[in-house]
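This document starts with one chain, in the form predicted alone, laid out as structure tokens.
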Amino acid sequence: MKIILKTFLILIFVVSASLAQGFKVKASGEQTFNFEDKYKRNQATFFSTTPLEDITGVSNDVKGKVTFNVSDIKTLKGSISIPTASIKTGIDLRDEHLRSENWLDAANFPDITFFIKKVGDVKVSGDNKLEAKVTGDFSVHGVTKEVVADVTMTYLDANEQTQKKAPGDLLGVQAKFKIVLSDYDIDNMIVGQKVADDIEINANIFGSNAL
């Protein structure tokens, strides 16, 4: 009986290990990455089409932390956010309207946040690179909705080149997902132009485990 039980436990361990998908890098165990960069090199953008022009909003004020076990990316947890007032579109009047109570209402809803809930459809494309579908709660304008982001993550062991960017190991993240403005009680008229209800959001950011 003991032999059967031992064999069963070993089988569970082997199967669990084979299902775990993560990075094959120098680091091991749980790692936490901080995405706040004092040089403002991280970037989150939104894109919309209007009848007269395309509008791209950009924020370089990205904050947040994520934690995960290096060998199993499905343990990923944490959140990323930007200050609502940090979004710039290249036109001051439009930015002022964007922050107003008639649109994003930055005074009452100062942050836009993506809170990670689960990770699925993991595809390992290299020892230090993988792709996944990351489900999270996206909050803007006081409304929270579940979204699924297409995410690519690259883990860089600390070396002479990465030290020029930031200390410690680095985690590069590219993410993309879409939202519908009307789902968040946002009027899609901005400075007399109708913004598309469907908005594409992208993030190109990196974090360090030494910050």
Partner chain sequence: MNSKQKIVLLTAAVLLIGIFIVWQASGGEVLSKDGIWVKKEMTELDKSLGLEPELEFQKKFVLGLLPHTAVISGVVVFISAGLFFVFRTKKDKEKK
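Numbering follows the first chain given and starts at 1. This one's a predicted model, so the numbers in the text were calculated from it and none came from an experiment.
The same protein also exists as the form predicted together with the partner chain; that form is not shown, yet it is the one meant from here on.
Contact annotation for residue 172: at least one heavy atom lies within 4.5 Å of the partner chain in the model of the complex. Taking non-hydrogen atoms only, residue 58 approaches the partner chain to within 4.5 angstroms in the model of the complex. Using a 4.5 angstroms threshold between heavy atoms, residue 63 stays clear of the partner chain in the model of the complex. The partner chain in the model of the complex comes within 4.5 Å of a heavy atom belonging to residue 88. In short, of 164-172, 138-146, 64-72, 23-31 it is 164-172 that has heavy atoms within 4.5 Å of the partner chain in the model of the complex. Relative to the partner chain in the model of the complex, residues 40, 45 and 205 are all within 4.5 Å by at least one heavy atom.
If you take 132-151 and check each residue for a heavy atom within 4.5 Å of the partner chain in the model of the complex, you get nothing at all.
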